[in-house]
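A lone chain, given as structure tokens: the form predicted alone.
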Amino acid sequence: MDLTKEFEGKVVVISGGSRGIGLATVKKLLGYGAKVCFLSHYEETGKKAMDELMAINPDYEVMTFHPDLCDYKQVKEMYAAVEEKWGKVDVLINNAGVDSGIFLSKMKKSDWNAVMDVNINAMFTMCKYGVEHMYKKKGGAIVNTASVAGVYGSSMGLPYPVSKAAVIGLTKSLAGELAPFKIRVNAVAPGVVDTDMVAGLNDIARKSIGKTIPLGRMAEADELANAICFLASGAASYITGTVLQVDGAYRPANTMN
């Protein structure tokens, strides 16, 4: 299937779309002819991303919002604005996410809640109100960003792997609930991706991570965008409830032979 035609005229909403994997996905979708509404937590990062997109092609059909993703009213208003402008919602990509490196002994409840709000509670809200628009057109696709940390766990930063395991559970469960409505729900589980989340790592840390990845390198954001676009497209028409690990065969160091 030619993805360059698959997304022509499709309307996509993507959270966490102003940088990293999200922005790479936005660029790819716009290049394929989609109409994209991308969400960012901060107004300034959304504006910076929009300026970058307009520099690529001023004729892109794209808009941005920066709602509180856990605020039902703000999320409903965002979807209403998208439908008013473009008439529908075909694809929802839940990509917003945050990490935490705080050990359990030092973690405050507010630290835990901050990660859970962005990584799973916001996803619930986005799905709850997004599917209402997909019901109208009798079909759609949802792609969630999980993580290999949700598959294997992690020795630090407890809220992150827990929240990503929840994303996997949500994906598999929602796929069954929404299948009768022709709405597919899948997830990607990235390994280590060379984005600003790992930009501060020194060479020693990067080499250490590389030893856990048989392909010998981190993923590029564009490689995750390829996987997301595939799952959102008609090329994946019989795939739902699947978590696609895009990780270079990564395995935690303590599981490597």
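Quick note: we count residues from 1 along the sequence shown, nothing fancier. The structure displayed is predicted, hence computed values, not measured ones.
Another form exists, predicted together with a small molecule; not displayed. Remarks below refer to it.
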Next item on the list: May I ask you to state whether Val98 is within 4.5 Å of the small molecule in the model of the complex, using heavy atom distances?
Entry: yes
Notebook entry, point to check: At the 4.5 Å heavy atom threshold, is Asn186 in contact with the small molecule in the model of the complex?
Noted result: no
Note to self: Against the small molecule in the model of the complex, would Leu92 count as a contact residue? Criterion: heavy atoms within 4.5 Å.
What the structure shows: no
Margin query: Check Val12 for me: does it contact the small molecule in the model of the complex (non-hydrogen atoms, 4.5 angstroms)?
Written below: no
Notebook entry, point to check: Looking at the small molecule in the model of the complex, is some heavy atom of each of Ser18, Leu69 and Val193 within 4.5 Å of it?
Noted result: yes
Checklist line | Stretch from 142-150, 175-183, 129-137, 72-80 whose residues place a heavy atom within 4.5 Å of the small molecule in the model of the complex | finding: 142-150
